[in-house]
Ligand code: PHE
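In the form predicted alone, a lone chain appears below as structure tokens.
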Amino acid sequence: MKLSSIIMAKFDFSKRESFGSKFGIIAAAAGSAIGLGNIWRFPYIVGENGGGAFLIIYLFFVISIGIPVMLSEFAIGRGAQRNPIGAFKKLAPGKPWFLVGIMGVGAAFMILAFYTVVAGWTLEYLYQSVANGFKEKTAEQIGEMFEHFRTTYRPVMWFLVFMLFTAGIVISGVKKGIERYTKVLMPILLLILIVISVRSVTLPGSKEGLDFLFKPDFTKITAGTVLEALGQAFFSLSIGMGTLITYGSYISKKENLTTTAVSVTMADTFIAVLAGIAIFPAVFAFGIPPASEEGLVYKTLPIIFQKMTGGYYFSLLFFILLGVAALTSTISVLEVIVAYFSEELNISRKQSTWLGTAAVAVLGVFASYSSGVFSFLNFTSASILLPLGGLLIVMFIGWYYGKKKTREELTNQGTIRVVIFPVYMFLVKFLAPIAIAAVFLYGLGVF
């Protein structure tokens, strides 16, 4: 069949897959939100911004902004039962809103390329943990290990391995692939994190770390801290990149979207805070500064593990944890691309998966070797496409799609009651656009 014939063909939406259970929905959506943003990024952002006071502001934004935006994406996805581009085409035919979907798919390509590079680093550090490669090394030597590793062929090798893991799950479909594996991976992630947290808080001197995390010092709060908290809430919940629209499109019309969004947000926040409990008591117990930027995980924690009784095993657990968290996120981002290819080009899931994987692999190889490419993909997606996409999504719900249609979708055509609906509509029409615009301008360096 000619390519033009494939593109002109129509996807059979009557055969479109969906999630099979409530737990499967929450596990998949929470897995999308819970990733390196919770375990790799959240602790060092908290460390840089004063601990407990930042945490309180972060929680406020998760509730007031994160849940409404997530719920909006779910409503768009389930209402259309399409990929991000197809969803806006269906809900706003003949209007330029489909450009929001294009931004989401574009962001998915960029995020998957650089995010999987970082995910690949976890495999290197898991390998080093198995080989006991951190034993008797100084902090300086461990830092040099990380810098040297990034100049070798191994980042590309691990990146490609991680992409193959991701593709292997996505290619199996929504129920047999994504839902089946996230229902196993998410409990494993939680169990490992609890074990590490218990060990961390039982270390001598760990109380100082818990005080840092939970005792707020509002004298350290600045306007920049507030915007960092809002940006972290945005980054952590996977908002604006099309994953929640895509996953929303696989949710049954009988499910309560509001309770699903709240459950996913609570799970994501709980894991982020638990990651702080796992890391900060150990950091303070061994007298290491909490604000270590991105190197907190890859340069600092290996030092702690080798000083800790049983550190060899906890190092293994921690980097398995990072790998699992990253995998549950990468499969959701790849699914955005696969859904777009399969529905818009009418090609099989297998073809769509390998096409998407190959395209991301090319971009990811450049990101592995070039810090400039890596930074460009990170900045463009996280600072431009995600907040701009989130802004347009809430504006679409609040100002275009309208109160009546949104209410019908969230109440399952009036069969369930959504008590918070008036508050939700106020947030998506007024507060969320202003807050997200502030993050967008802050990310661009306007203020």
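Residue positions are given as counts along the sequence shown, with the first one as 1. Please read these numbers as outputs of a predicted model, since none were measured by experiment.
The same protein also exists as the form predicted together with the ligand; that form is not shown, yet it is the one meant from here on.
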Practice task
Using the partner position in the predicted bound form, report whether residue 315 sits within 4.5 Å of the ligand, counting heavy atoms only.
Solution key: no
Practice task
Could you confirm whether residue 36 comes within 4.5 Å of the ligand in the predicted bound form, counting heavy atoms only?
Solution key: yes
Practice task
Tell me, yes or no, whether residue 241 is in contact with the ligand in the predicted bound form, where a contact means a heavy atom of each within 4.5 Å.
Solution key: yes
Exercise for the section: Using a 4.5 Å heavy atom cut-off, state whether residue 116 contacts the ligand in the predicted bound form. Expected result: no
Practice task
Work out which of 76, 278, 333, 301 lies within 4.5 Å of the ligand in the predicted bound form, going by heavy atoms.
Solution key: 333
Practice task
Sort through 166, 329, 249, 353 and report the residue having a heavy atom within 4.5 Å of the ligand in the predicted bound form.
Solution key: 329
Practice task
Choose one stretch from 181-189, 255-263, 232-240, 372-380: the one whose residues place a heavy atom within 4.5 angstroms of the ligand in the predicted bound form.
Solution key: 232-240
